[in-house]
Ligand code: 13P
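Take a look at this one chain, the form predicted alone, written out in structure tokens.
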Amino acid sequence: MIRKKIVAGNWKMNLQLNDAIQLVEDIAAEAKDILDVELLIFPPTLFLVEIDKIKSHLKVGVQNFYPKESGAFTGEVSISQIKNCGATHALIGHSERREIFQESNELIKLKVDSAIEHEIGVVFCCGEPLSIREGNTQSLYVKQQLIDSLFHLSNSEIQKCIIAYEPIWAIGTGKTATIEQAEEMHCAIRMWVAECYNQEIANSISILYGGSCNASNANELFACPNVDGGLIGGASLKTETFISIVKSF
């Protein structure tokens, strides 16, 4: 089975609405003939409704949601609300949610379950901080994140997920994992999926690299046998750099 090539842009807490609309229009125009790469964008949730009107063939997701259908959760947004506003995917387990907002593996698991229940595509983020990498225990660390929050899914459910490996020490720092480091972890993740499920399922799941991936290094990263695309941060905020990355396959 041929895995999907995917480039996803995580805008984080950036842009104003007019700028966001213009960026989507420009990306859609530049990517109109790119049919072999799936494009996902994750704007601030406030912009979902307007972006859904103009997204063209782009898929739009959310950076966060609360895993309850509704209720007394002041300031939160439910999974059904984001789906009603046009979201097809959700980032779950991003390192900034884990570190800044102290999201546990248990909460992340609940989010995964909620997204699957509501037929929202999961982009599951996993990765290690610098201290773990320096201690050479990154494989144990990342595997445990997957076991605790993702690998409870059924065979059919796991195939609705995308996995994004993001070495935390390489996010927004300008540092990037070496090509060898990226491929080694992607290969390991695919092996763990095969161990938990089977090789056919492992071969079908797209695994993205997310750690200062940019127009300069995307070619080398995407050439790795187990790297199926990128989860792009800052470089997704400009049409030129985002499209350049998309064309790096």
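Heads up: residue numbers just count along the shown sequence, starting at 1. Predicted model only: the values in this text are computed from it and were never measured.
This next part talks about the form predicted together with the ligand, which is not shown.
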Interface check vs the ligand in the predicted complex: of C126, A177, A90, I171, the one with a heavy atom inside 4.5 Å is I171
Closest heavy atom of V227 to the ligand in the predicted complex, within 4.5 Å or not?
no
Within a 4.5 Å heavy atom cut-off, is G211 in contact with the ligand in the predicted complex?
yes
Report whether the minimum heavy atom distance between K111 and the ligand in the predicted complex is within 4.5 Å.
no
Does the ligand get within 4.5 angstroms of any non-hydrogen atom of E96 in the predicted complex?
yes
Among 212-220, 49-57, 33-41, 192-200, which stretch sits within 4.5 Å of the ligand in the predicted complex, heavy atoms only?
212-220
From first to last in sequence, which residues of 217-238 have any non-hydrogen atom within 4.5 angstroms of the ligand in the predicted complex?
L231, I232, G233, G234
